[in-house]
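Next up, structure tokens for two forms of one chain, structure 1 and then structure 2.
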Structure 1
């Protein structure tokens, strides 16, 4: 009896040893539940074909919270996660901190958007990330309530007021326009669009400032949308992030929604009340300057501290392959980082607006690609949000923000 138990133990041990050390790739990714399910399925398939196990580390959908959790792990030089998705807004920080393992030289970058790869995904000449999906701000509108989308913010406001007033007779909770005004990174992305080409982060002589006429005008308009015009709900500056905005529009209570391309597939889902009624348009332009669509999106990178480098690289190659990027389009409606998919006939049949989006991405405006961008953004978020709450005037808020930004820049020894 004893002998059998010993033999059994020996057998167990030898099986365990033959599998070698734990080769699992830990993949950190955030998002809505449906998105995380998508990643789970893809990871399972990778394991089935390669034999390499993948563990998903589920992150929140708020980009600032995702960044914080990865920074904690990387600063502590933890070996997990091995692979993660990074917002384009924080790749500058991650590469300057030397947290990214250069990707293998044989990764084929040709099918990707060249300009994006060259400005965002290379650091000191080496490839350190690949774009998994691209974002650019778009305007969703109710095709059944307006004939054409507005070209300027002023026409959007006029139309929002008119339609809101008419709709409220039957729908008392109807609003003209929802956008991401809560105090987080999403607020900055819409602020850049309200300001247009003459505003946003003004980068000159190595310095960055916000106090300029286009930004003052933009802030005044953002506050007015909430109060006194009240075409945007009062909780815009306290609660509105991507998913809150998306759900409000999807329930059928909203005329215009500023969001990212991911919302389109959800609006068109079988059980969506706005299915077939949703149009996608370019973000409107301010009175002075041209329209801006903020460049967003998430890129995949491998941790400098991974202990499963070869497995991690294989996983990166798998999720950026033509077939899997296509799957991401078909199942989630996301816009792939690979340019070669935008002409795929089966994709265009499912999402006809895809071709138009290709040029939106090529012209979208990035946020400053600096290692200290997140700190500047945090300052801007606070002061802009105070204006939306009615606690500060636009000029005063932007002047204070600039003073703090100069402090950050001088800590990084950059001439303000």
Structure 2
């Protein structure tokens, strides 16, 4: 019935689209060349089946540049682009600025991860986006060196020290654990996971603070991993970002790696030294609180200023359909926003790690969806990284961070 209704909607819209090229849907999307080619092909298929023309507005691969180009267009209330992909960290800004058109009431959200829809894709009770690509922190581990992944950070540290000592007899450059400790957004995502459900950005009465016992314990542990335990490399706080972490593990010199799901396919590539030796699991839990992964990914939204609303809505339904989300898995290796695809037998045959990812995504937690989040993150990155470098104690760093965060909240007239 839903498929029939959707095809009927496309038939009606195809008549409306006969007015000319001004009825085209402009879709802004960035990424690698292969990803952009995929979107071109998908747009062409949508046009063939619906009669609605779609024009791809190719954005840079850099996400900061993508965000800036969208902000410029939306601030100017330009009618194009009509549809765009948003990093999850932008949704708070875009929704608070009233730049997003509420999606149609008949958009079916049941197949998607309910927690993601409720915590990320609704604003003031209205559905304003849908997840297209899911992301969350995971733990990779060497199945040939440990029997099972650790369930707590303390267990990970003990295991990493033991295996590191043994491996260094033949591999002097072997380390127990690598993670993203450089001063950038990746540091925030891993910090939230070290802190668990009891820490991270503590939101109270519209205010945000970092200075709490769970965060102090997390920072102390992160620093100790680098020094004095030396389970993590000395350059963790200066150079370690996603690719540096991924390459170190893939070269066979690491026991545990915290990274995003994208690394799985690279670890399992034909020329990878860790092919067939890599396991994937949820990130460990702290002593207090439960394990939690930081949520990432991209969501699709419709501009408030579109002049082709019905056509844009039809395109959103098309790219979030079961068949097209499955194509993203099979052709791009993406993690779909639809929960129902994580049980698809053909997908599990190609990507068996989806068994672990489903549970990770069900319990993942987003960063604060605030319009001023990027400013708060910049403050947090600075002070957390100072602790990792040994230039500040956790208590001192978090207290200073809170003072600067309160200044940001005051500028936005937020009552903490």
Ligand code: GLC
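Remember, predicted model here, so these are calculated numbers, not experimental data. Numbering follows the first chain given and starts at 1. Rigid core (definition): largest C-alpha set, two forms, superposition within 1.5 Å.
Shown first, as structure 1, is the form predicted together with alpha-D-glucopyranose (GLC). After superposition on the rigid core, displacement of the C-alpha of residue 46 between structure 1 and structure 2 amounts to 2 Å or more. Residue 63 shows a C-alpha shift of 2 Å or greater between structure 1 and structure 2 [criterion: core-superposed Cα displacement of 2 Å]. Here residue 33 counts as shifted, since its C-alpha moves by at least 2 Å between structure 1 and structure 2 after the core is aligned. Once the rigid core is matched between structure 1 and structure 2, the CA atom of residue 120 is found 3.4 Å away. The two forms, fitted on their core, place the C-alpha of residue 82 8.9 Å apart, compared between structure 1 and structure 2.
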